[in-house]
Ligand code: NAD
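Starting off, we have a lone chain in the form predicted alone, written out as structure tokens.
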């Protein structure tokens, strides 16, 4: 079962699971996902993790593993509506865990976030760094992650619940929304240029992010699914290479044959909860999964833009 399986990352995971021969059930409320991203071989259920009644029939039919990605994923929206953020990210995760307990599901992989590290940690940041969430979103994701691991460690369980959390950095690639102004800075910039809109950079643009391609992230999840070495582990997924937002802007414009001297780029105030510097220490992923990101930034951005151009072309037909 994949929660949030019609979304950017979840739909790619559904494809990968089906390619490996798994039977897949996708649960998504379509608030951010797209029905047409769901693999035709998957069973689709429109529902919400905040509603236990939407989960129960799926678990009752038999679930061997849960890939839990359903979330409110915008830092900015978490400040606008903290209670919705809490219900979806933390209470939604508790509901999934309760269903796993009720139906003795042995395996759960959880989509955590690099935002829980905040601004006080060294960069690149290792999983052992002390969490210092700087946004409501980060608080809810960290709380959900702790619920996942503490539940699996309960001594009163009469079965083994094996969990893994991935603290994902800035995942990008095909199927990331080109119109959602609240998440995915690379996709936001690409969408801006495709539509001829100005690019807006918050703060001075020297804040850094660690961009990791969707195919590398999916490979890590799939390799971990049946890998006992990852049980009980929290694992960073990134590249370890920080890229400033200014450098990202330049790379996107360059791919379109433009630059900042000829294209409108505006600067605005920093947004609440933004991290100044971010990059992953990936030694744990390397040790446990023999995992290494394979898609260089320059190649990944070209692939993403080629996909985005095709989306625009299709929408105009």
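Numbering follows the first chain given and starts at 1. Quick caveat: nothing in here was measured; it's all calculated off a predicted structure.
The protein also exists as the form predicted in complex with the ligand; that form is not presented, and the subsequent description refers to it.
- Here is the short version: of 90, 208, 113, 164, the single residue with a heavy atom within 4.5 Å of the ligand in the model of the complex is 113.
- Scanning 100, 144, 186, 71 against the ligand in the model of the complex with a 4.5 Å heavy atom cut-off leaves one residue, 71.
- Looking at 247-255, 282-290, 48-56, 268-276, the stretch with residues near the ligand in the model of the complex, meaning non-hydrogen atoms within 4.5 angstroms, turns out to be 48-56.
- Contact between residue 30 and the ligand in the model of the complex is found at the 4.5 Å heavy atom cutoff.
- Remark: residue 1 does not count among the residues lining the ligand in the model of the complex, judged by a heavy atom distance of 4.5 Å or less.
- Among residues of the shown chain, residue 171 is one whose heavy atoms approach the ligand to within 4.5 Å in the model of the complex.
- Within this chain, residue 24 is remote from the site of the ligand in the model of the complex, having no heavy atom within 4.5 Å.
- In the model of the complex, 4, 6, 7, 8, 9, 10 are the residues of 3-22 with at least one heavy atom within 4.5 Å of the ligand, listed from first to last.
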